[in-house]
Each structure stands twice: as structure tokens, then as C-alpha cells.
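In the form predicted alone, a lone chain appears below as C-alpha cells.
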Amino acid sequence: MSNDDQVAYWNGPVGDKWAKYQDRIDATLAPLGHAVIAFAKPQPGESVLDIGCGTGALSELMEAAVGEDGMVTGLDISDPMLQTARQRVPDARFILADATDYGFGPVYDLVTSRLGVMFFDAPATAFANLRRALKPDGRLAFICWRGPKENDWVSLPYAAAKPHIPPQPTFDPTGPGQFSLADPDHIRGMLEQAGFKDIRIEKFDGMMVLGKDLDEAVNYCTRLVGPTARAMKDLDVGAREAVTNAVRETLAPLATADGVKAGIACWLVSAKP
């Protein structure tokens, strides 16, 4: 999708859905936010810019880390999600804008993101603009997905659903989307093109709780987030039932006393301007 497509997408039903179910989605993604905090090490008094902040989960964590003397600014293209973020983190500042061409000044100690930087139509241009937001001694630190095959929470439900859904659009491994930064060489080259240096890329592996029970986990994978949920929206009743049953059967072995857990695989990335 182009940036215009992304704006329309995140300001339509998808943005509304994420805002409505933010508690549910953010609980599932919680390990990623905590991973960013540990990796970026925000300090008391720092000024932080959270790109693709969505409903404000990472902004909330960053605000707690920088304290009263610090400042957190969240930026996103989704108005419904930002409305939720403003209620959730009232002391932070939130901007409805596109990070690719917003007029940043060099005022931030840290530019960060939890899964918010994979959707740029022109990523090198966008990251060059983000570099302008950093102080000379500032830093960039974000988390993004590795490939879908490494992420059980995506690959397992989708493999179960595939026999029951029509052919899906061809996946562009570097086009705007969830897995556009799956290739570390692509990340490094893009950041170098954007003018960053001292680039560090580390693996982060963990577990995601898809739901407290099997019903909740199946709902998450088929109704809320990911390629299976996107494919489900155009299916008839019979096909939807077939997908739901197949996903349930696939996820059943992942159920534990602490919920249905699936593996997640990400990159933690840092760089300096």
C-alpha cells in the first residue's frame, strides 16, 4: 500500500477496531513494548518521539521511564487510535501526521517505535526525516517483525486457514506492510541510505499470549490481527466456519494454564544520527 492507502486503511474500520480492542491487542503485544524499553534504555528527563504510536502503549511505558522531567510525543496517521492514546496517556503529546514528511526539529533524545515503522512507502526517505528529529547525540531504537515463517502466531493460523481461503495478494517482502523489515540487510542498507551510523540489529525471540483460552486465541487470529483475520473478512459463512475450526485445531496444542502461547520473532534495531 502507498502512504495514501495506509492513511485510508488506518483511519477506516481497521483503525476503529484497534482503538476498540486496544486492551486486548496491547496485552498480546506487551512483550514487545517491554523489550523496546530494555533495549532503548530511556532515561529520566529525556525527550522521546514514539513513531506509529497507535493507541499509546509504548508511549505510556516511555512516559513512566522518563518521569516528570521528561516528555513523550507520539505520532501516528490514525485519528481513531490517537483519540484513544490521548485518553490513555493524557500527559503525553500526540500528533496526527505522516512521519515521512512532518517538519521535525532536532529536539529528541530518542526516536522509538513498537511495530510502527514497517509501513512507509519510501522507508529511506521516512527514516532520513526521523534522523532530523534527533539531537546530535540522540539515538534511534525500535522493534519490528522478522519474517512470517519465524512467527508462529502468524504462520500457524495462516497455514490452517489457507485451504479454505481464496488466493491472497502476492507478498512483497520489502513493500509497506507488517514484514517489510524482516531482512536485516535491508534494514541496514535503508538506515545507511537515510544517514544513520553505528547500526545495531539484534534478535528478539519470545512468546505471545494469543488469549487466556482457546476461544479468545482463535478470535484474536481470525477476527483481530494478522493475515488470517484480513483474509476472513471477505469469506462466506461456510468458509469462515471452516477457517475457524481449522485454526482452533491448530492452536489447541499451544494451550497452557497461562493461556494460548505462540512464538514471536523480532529485530531490535538501534542507530545514531
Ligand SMILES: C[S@@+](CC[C@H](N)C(=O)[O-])C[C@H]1O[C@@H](n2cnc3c(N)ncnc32)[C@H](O)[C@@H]1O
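We number the residues from 1 along the sequence you see. Because the structure is predicted, anything quoted here is derived from the model rather than measured.
What comes next is about the form predicted together with the named molecule, which is not displayed.
- At a distance threshold of 4.5 angstroms between non-hydrogen atoms, Glu46 is out of contact with the named molecule in the model of the complex.
- The named molecule is not shown here, but in the model of the complex it comes within 4.5 Å of a heavy atom of Met81.
- Asp98 belongs to the set of residues with a heavy atom inside 4.5 Å of the named molecule in the model of the complex.
- At least one heavy atom of Asp26 is located within 4.5 Å of the named molecule in the model of the complex.
- Across the proposed site, Trp153, Tyr158 and Leu214 without exception lack any heavy atom within 4.5 Å of the named molecule in the model of the complex.
- Of the candidates Phe179, Phe120, Phe94, Tyr108, Phe120 is the one whose heavy atoms come within 4.5 Å of the named molecule in the model of the complex; the others do not.
- Of the listed positions (Cys53, Val243, Cys221, Met62), a single one reaches within 4.5 angstroms of the named molecule by any non-hydrogen atom in the model of the complex, namely Cys53.
- In plain terms, the part of the chain that comes close to the named molecule in the model of the complex, with a heavy atom within 4.5 Å, is 99-107 out of 160-168, 186-194, 99-107, 133-141.
- Contacts between stretch 71-86 and the named molecule, counted in the model of the complex as any heavy atom lying within 4.5 Å, involve Leu75, Asp76, Ile77, Ser78, Met81, listed in sequence order.
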